[in-house]
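Quick setup: one chain, the form predicted on its own, written in C-alpha cells, and binding and motion questions come after.
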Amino acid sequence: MGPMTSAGVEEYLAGLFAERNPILREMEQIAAEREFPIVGPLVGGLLQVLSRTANARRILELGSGFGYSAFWFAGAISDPGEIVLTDVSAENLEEAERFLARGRFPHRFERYRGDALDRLRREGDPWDVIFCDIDKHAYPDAIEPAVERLRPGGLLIFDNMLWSGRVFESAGPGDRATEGVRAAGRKLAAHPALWTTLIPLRDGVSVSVRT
C-alpha cells in the first residue's frame, strides 16, 4: 500500500520523527526486504499517542504480523499491561515474541494463532484499544464484536482505510478487499455507539471512540 499523502509531506514528517528505537528500525528493514506490510513509523507513532491518551492497559491486535505495531503499542503503556497479538502464522508470532522480548517490556503478551475475529469474540474483560489490520474483506465483520468488547471511551482503530485511493475509485468486479474497506468506512461513520474520524496519514487510519 502506498502513502496517500504527498512525498514532501511524508519526508517532512519522517524527518521530524526520525529518532526511534533501533529494534523498530531493524523491523522496518526486515519488512522492506520481505515486502511485508507494516504500519510504518508515522502510523506507529499515532498508535502510541492514541493509546497513551486513552490510558490503555489492555490492547487487542487483530492481525499482528511479526509484531511491529505491537512494539509501538508496548511503548505506550506506562504500567504493566496486556497486549494480545493475533495472526494465522505461527512463524510470525514467534518472531514477534522475540522482538518484544528484546524490548524488555514489563507487559504480558499473549499470542493467538488463528482467526483474529474468533479471539475478538471471546468473553473477558473489556479492551481499551482494539486495532484492526486483518484481511480487508473482513473489516466490516470486526466492527460489531469490537464495539461489544470495548470499554466506554475505548478506541477502535483501523489501518488502510483509504486503501491506496481505491476506496474512491471504481472497484473492479470481485474486488472484495476494496468493497470491505468501503463498507467498513460507512458502517463506522454511521454507528450509533461510535464517534469516528478518518486521518489521511499514510494509507488512512480511522479512529473511533466507544460511547
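Please read these numbers as outputs of a predicted model, since none were measured by experiment. In this text, residue numbers run from 1 along the sequence as written.
Another form, the form predicted together with a small molecule, is not on view; read the next lines as being about it.
Screening 157, 150, 38, 56 for any heavy atom within 4.5 Å of the small molecule in the predicted complex leaves a single hit, 38. The single contact residue among 63, 145, 45, 180, judged by any heavy atom lying within 4.5 Å of the small molecule in the predicted complex, is 63. Using a 4.5 Å cutoff between non-hydrogen atoms, residue 115 counts as a contact of the small molecule in the predicted complex.
Of the heavy atoms in residue 110, none are within 4.5 Å of the small molecule in the predicted complex. In the predicted complex, residue 125 stays away from the small molecule, with no heavy atom inside 4.5 Å.
When contacts are judged by a 4.5 Å heavy atom cut-off, residue 134 counts as touching the small molecule in the predicted complex. The three residues 51, 78 and 82 each lack any heavy atom within 4.5 Å of the small molecule in the predicted complex.
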